[in-house]
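The data below hold one chain only, encoded as structure tokens and taken in the form predicted on its own.
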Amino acid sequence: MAYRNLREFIERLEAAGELVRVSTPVSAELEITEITDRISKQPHHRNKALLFERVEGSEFPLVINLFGNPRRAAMAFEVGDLDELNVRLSRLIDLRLPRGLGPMLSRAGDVFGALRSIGLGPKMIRSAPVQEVVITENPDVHLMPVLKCWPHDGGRYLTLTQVITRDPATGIRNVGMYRIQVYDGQTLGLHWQRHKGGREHQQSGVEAGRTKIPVAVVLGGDPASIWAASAPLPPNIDEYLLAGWLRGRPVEFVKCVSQDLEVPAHAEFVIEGWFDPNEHRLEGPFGDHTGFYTPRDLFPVMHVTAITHRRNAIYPTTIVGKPPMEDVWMGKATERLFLPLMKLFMGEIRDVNMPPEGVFHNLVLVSIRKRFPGHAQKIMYGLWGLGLMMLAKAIVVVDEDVDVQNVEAVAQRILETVDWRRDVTIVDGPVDQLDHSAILDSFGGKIGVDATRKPERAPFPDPVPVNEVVMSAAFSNWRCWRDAVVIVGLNKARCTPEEAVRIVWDIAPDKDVLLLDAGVDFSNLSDVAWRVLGNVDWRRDVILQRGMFDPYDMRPDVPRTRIAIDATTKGPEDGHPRGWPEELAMSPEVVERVTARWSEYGLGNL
């Protein structure tokens, strides 16, 4: 039975032992972030959704981390595990002719079931729970317990949003999960990036000469609708149609009280208003899912005209930061659900994994059934041309016998098969607007790695152990991973990246090299991977041991070429003119306060 609203989902989570109520008073300014961040980084069985019943300064409780482990994410879609999303959509879009009446009827049942659940459009109702309380005179978003998430954020932010607009030219709806900065009780900042649907509607409004475009910010509702706002759907496809298919029934809507829009009737809160596509205001900084602060930039301004909400409403929110956090599992649901669509266009794809360390767009692992030379490159270019996969900064392709959900297995296959001079494709193209390492805003170098087998080549020789005495004399902070990769913490005031790489290769010529900032903890390899994937522009920040990239060198006995990757912080002197953002860290006084109060929260020992 589909969830009608957020509270039914909360009840199901609590009954399953996946939600903990916190009854002690807490602050929406940083304290909830620090508590949730600690819980998010726990093993799955200790990682719980949190319902804060007493948030200082607000009468409304706050719920967070709803999707924050694989079990809760699956429960949100009422499936046993997230792979069932892949199976369900695969059945729906399977274009092969069914053999026999039974399979044909089975597939037809799926299709007609989907059509029935979507219907001919949204189901409108006259009276809605989200409009039990209507505020049109002096509405003030401060009535909600809106979080200040990180110490240097530009203010408080609405985060788990469904932002609804309609294209001024076509009337087609878009729903996006965009962060919303609170400037004051009736003025908000709409942070939609240049690649998103909200930005397209803004531009459409400029071209149409519009000065007031309706917008609604929805908070809550059924979990499929909440998630659907984050789904990377093609332009002009309504996200709520996808939510309707996922939940097996259409999403119910009600007309806004002050704007010409429809909103989910069973949400907790709706903020109604308008924006002028020509009016902008500085928004940010904001501690983002990249693990860094997004700098201030100009974005549209929303003017609030009404707030409606349920009686006894529950305020839903999320935080983002260094992975893993709740958005990892929302992204994993996206990956599983959209895998069949990738296979529809590229049937040789077997599986895809977007690991947390890559924060969605920095790393895509793909297994394929390889049939010809250049097959891996076909997949790379195909994915870069597929919707928002255009933002993928690194794509690694392996054979179908490699489980891409096992990152260790993928890493081992890379070590066994990749010659970095012959098996790498470097391209330039669009990257995420939040990518701080790109040479230009939203445009930078990307890499494709062909880690499939090349049986015509001679096996690579076994690695030689590093001379630890000599390496330690050269670098005070280093380690060797799997006897194949030397990781160096580099003080660039003493040694340039190029000099450091040559020193390593003079000592250990059969090793790849990773350069990170001095002081990075190399014992946490997940953190190392996150830094490497986030801090690198693949056009600028790689050094080959010899020669240039050359995929045409087919000689079977060519010595293997190693690679060095510079993942250090960069400035203009490093060919990075845009500035480098600050890494997220909670203020020491908040960390100390939360540690001192931990027993009061009732969350067990960490």
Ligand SMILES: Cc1cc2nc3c(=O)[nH]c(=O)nc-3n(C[C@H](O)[C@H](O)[C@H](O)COP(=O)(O)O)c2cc1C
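Residue positions are given as counts along the sequence shown, with the first one as 1. These figures come from a predicted structure and were not determined experimentally.
Although it is not shown, the form predicted together with the ligand is what the next lines describe.
When the ligand is considered in the predicted bound form, V320 lines it closely, a heavy atom lying within 4.5 Å. Among heavy atoms of V504, none comes within 4.5 Å of the ligand in the predicted bound form. Interface residue remark: H191 is counted as part of the site for the ligand in the predicted bound form, having a heavy atom within 4.5 Å. The ligand in the predicted bound form is not approached by L82, whose heavy atoms all lie more than 4.5 angstroms from it. In short, of 194-202, 273-281, 366-374, 125-133 it is 194-202 that has heavy atoms within 4.5 Å of the ligand in the predicted bound form. Checked against the ligand in the predicted bound form, the candidates A529, A451, V175, A500 yield a single residue with a heavy atom inside 4.5 Å, and that residue is V175.
Shown without its partner, this chain lists A229, I447, V304, A392 as candidates; in the predicted bound form, only A229 has a non-hydrogen atom within 4.5 angstroms of the ligand.
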